[in-house]
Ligand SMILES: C[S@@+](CC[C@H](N)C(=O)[O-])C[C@H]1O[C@@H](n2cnc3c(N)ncnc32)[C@H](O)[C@@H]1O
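Shown next as structure tokens: one chain only, the form predicted on its own.
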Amino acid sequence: MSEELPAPPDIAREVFTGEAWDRARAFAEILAGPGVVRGLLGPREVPRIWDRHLLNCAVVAEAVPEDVRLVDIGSGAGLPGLVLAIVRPDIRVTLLEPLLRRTVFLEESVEALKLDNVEVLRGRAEELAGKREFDVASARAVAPLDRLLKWAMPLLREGGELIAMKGERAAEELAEADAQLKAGGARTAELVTVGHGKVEPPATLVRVVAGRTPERGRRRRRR
């Protein structure tokens, strides 16, 4: 028997404003229902949908610039990409996911929530490299940072940003990824915390700014 979806906490009203409020509540129901039935979310996660999933992802928007093209790598159940699209209608979000059952779930969720700033693409980041370019790449629990950098950096324009949601090992992963940061042409890499006073503990992000790599330079000359 699945757990019961709890009422949203008071802080959710401050994070999800305007039309985002109704969409966030509707998405919570989708996650607790079809999301669990289809195996995108474990039944034990239902009581934590608001604090651990929706709010934790929504506060990432504090680190996302205005009016950008964002790709959510390995979007899964739409965390954080779909939540960012809900809370930030100014950004254009591409949910990138290789598994068919997940892309079907994402497409149905986007339609149900009437989001016109989202597209769903089935595929891997490696397949999209050189074909599309984004201002921001987001990811949550997809892969260790060194591997994530290999996937994300080729998708970013020069000066674009990878925003990776990381937990307690964020600093360790950043240190361990030093070689890949240099190989990928990273301009800067830092830890950022968001959601102070909204989620406990605040969400820890690794933010990497893409520099110019030889490959990026070649693409620019061909244009």
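For every residue, the number given is its place in the sequence shown, counted from 1. Just so it is clear, the structure is predicted and the values come from calculations on it, not from any experiment.
There is another form of this protein, the form predicted in complex with this ligand, and it is not shown here; the text below is about that form.
This ligand is not drawn, but in the predicted bound form it has a heavy atom within 4.5 Å of Arg124. When contacts are judged by a 4.5 Å heavy atom cut-off, Ala112 does not count as touching this ligand in the predicted bound form.
Within 4.5 Å of any heavy atom of this ligand in the predicted bound form lies no heavy atom of Val87. Put simply, Ala129 is far from this ligand in the predicted bound form: not one heavy atom of it is within 4.5 Å. This chain lacks the partner; the member of Val136, Leu145, Ile73, Met153 within 4.5 angstroms of this ligand in the predicted bound form by a non-hydrogen atom is Ile73.
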